[in-house]
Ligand SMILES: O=C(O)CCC(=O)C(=O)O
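Just one chain follows, in the form predicted on its own, and it is written as structure tokens.
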């Protein structure tokens, strides 16, 4: 495994903004990741979704790495786990799950603005999601609201199908923001990317993406990691991903037989 240098300045940017771009850190792994995405598309799991679109195709699927050898190879043998631990300022990096997102050429449907953390059964200051495209992306790149991981309240989790509440209504949430309607009120981070680049973001960082224009597919593997302080939390309804039968209790670290520790400096 080749070690990757992450500078103190990059780590500070991640901690401040809740997001960071790294160029070329997985260039040697793009062929493997692409093969894994193809395998996933050909053999979707029970969690796979063909999201509603007016034209094109927006596919996503998750929690498949134990069954897709290419994804397991990347998780266990690429620099991803080490990178995750370093930007989280964690002694360890524990894999939470993988997520494949594919927007075919000419799919105008945007990815709604949202935070990942309210949908998950995990909470902590040390979390990171890696967004890794295997195609060049420009207009359909990930967009993130800088500093939103430090907002006082999380964003209301909704169903993407009909904008209904994902859990029971609660005053614990703030409404989903619309940076495009108020472009001066938010600092939106967005970068063109090449295969081998990755964007890292905190689970609490509000993010979304535009539709994919005609020209090329936008195929992405996302890897989600947790660090030392991450703990299981009870939600008021079904989480996404659900992981039925996990038998974890509130305040417990995620069970390592299901969510193995891949990197440990201790």
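This one's a predicted model, so the numbers in the text were calculated from it and none came from an experiment. Numbering follows the first chain given and starts at 1.
Only in words, not in the display: the form predicted in complex with the named molecule, which the text now covers.
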Q. With the cut-off set at 4.5 Å between non-hydrogen atoms, does residue 222 touch the named molecule in the model of the complex?
A. yes
Q) Do residue 107 and the named molecule share at least one heavy atom pair within 4.5 Å in the model of the complex? A) no
Q: May I ask you to check whether residue 90 falls inside a 4.5 Å heavy atom distance of the named molecule in the model of the complex?
A: no
Q) Is residue 78 close enough to the named molecule in the model of the complex to count, meaning some heavy atom within 4.5 Å? A) no
Q. Exactly one stretch in 47 to 55, 236 to 244, 29 to 37, 205 to 213 has heavy atoms within 4.5 Å of the named molecule in the model of the complex; which is it?
A. 205 to 213
Q. If you check 135, 123, 116, 98 against the named molecule in the model of the complex, which one has a heavy atom within 4.5 Å?
A. 116
Q. Can you name the residues of 245 to 266 that have a heavy atom within 4.5 Å of the named molecule in the model of the complex?
A. none
